[in-house]
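The chain below stands alone, shown as structure tokens; this is the form predicted alone.
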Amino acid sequence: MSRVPFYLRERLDDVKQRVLFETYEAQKLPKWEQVVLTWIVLFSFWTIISANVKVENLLIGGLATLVISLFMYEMLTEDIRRSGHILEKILYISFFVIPQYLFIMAFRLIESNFKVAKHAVFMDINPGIVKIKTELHSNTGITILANSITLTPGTLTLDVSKKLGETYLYVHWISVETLNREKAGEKIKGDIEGWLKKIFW
């Protein structure tokens, strides 16, 4: 049997991977924005942990965190989506996105606890593992989504599969309500994925 079809498939997969990589690279923040955002996060953390707002402490913390930010900016900001001016981004994340995420998670935690309690009382569970698709591609976004799903009672993210620009999560669901992948994804992910897509690519 000829190996030509296999070779062509491998070449096609390589081209797709290269296109996806270039697409993701184009969505990343410029280096200086990454440094600034990293510095703001680290400096805020320094100020909170030190609990000291004296000028000397703030100067030392500002310089130390700036030096760290120059070398480690990619660790925190590599997966953040390029959009808008940096000041808009900082204000948007601080005063809108983070409070919105906390509100969504609080609501989902309360809702999930009631559902699990109902299943425990009436013993009407139907456990199973479902495969759901996510439109997130960055490692940070996928990790936060998987952890958010695991944090809500009744669901547990078991594995992540990434291939040719498509990402799937394997989730253990305490009571499988549907076998349709899209509907199951909507019920399990809720609004969390939409929130994450505002920040991460």
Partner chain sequence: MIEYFFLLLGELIMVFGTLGILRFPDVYTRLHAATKCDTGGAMSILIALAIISEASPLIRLKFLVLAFLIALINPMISHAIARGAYKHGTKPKVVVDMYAWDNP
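Please read all numbers here as calculations on a predicted model, not as lab measurements. Positions refer to the first chain, counted from 1. Throughout, rigid core stands for the largest set of C-alpha atoms superposing within 1.5 Å between the two forms.
Heads up, the form predicted together with the partner chain isn't pictured, but that's what we're talking about next.
No member of the trio Val55, Val67 and Lys183 reaches the partner chain in the predicted complex with any non-hydrogen atom inside 4.5 Å. In the predicted complex, the partner chain stays beyond 4.5 Å of every heavy atom belonging to Ile60. Residue contact check for Val35: none of its heavy atoms lie within 4.5 Å of the partner chain in the predicted complex. With a 4.5 Å cutoff on heavy atoms, Ser138 does not count as touching the partner chain in the predicted complex; it lies far away. Contact check for Ile129: a heavy atom falls within 4.5 Å of the partner chain in the predicted complex. For the stretch 95 to 114, the set of residues having any non-hydrogen atom within 4.5 angstroms of the partner chain in the predicted complex comprises Leu109, Ser112, Asn113, Phe114, in sequence order. Once both forms are fitted on their core, the CA shift for Ser94 between the shown form and the other one remains under 2 Å. Relative to the superposed core, Val116 undergoes a Cα shift of 2 Å or more between the shown form and the other one. Fitting the two forms on the rigid core leaves the C-alpha of Ile125 displaced by at least 2 angstroms between the shown form and the other one.
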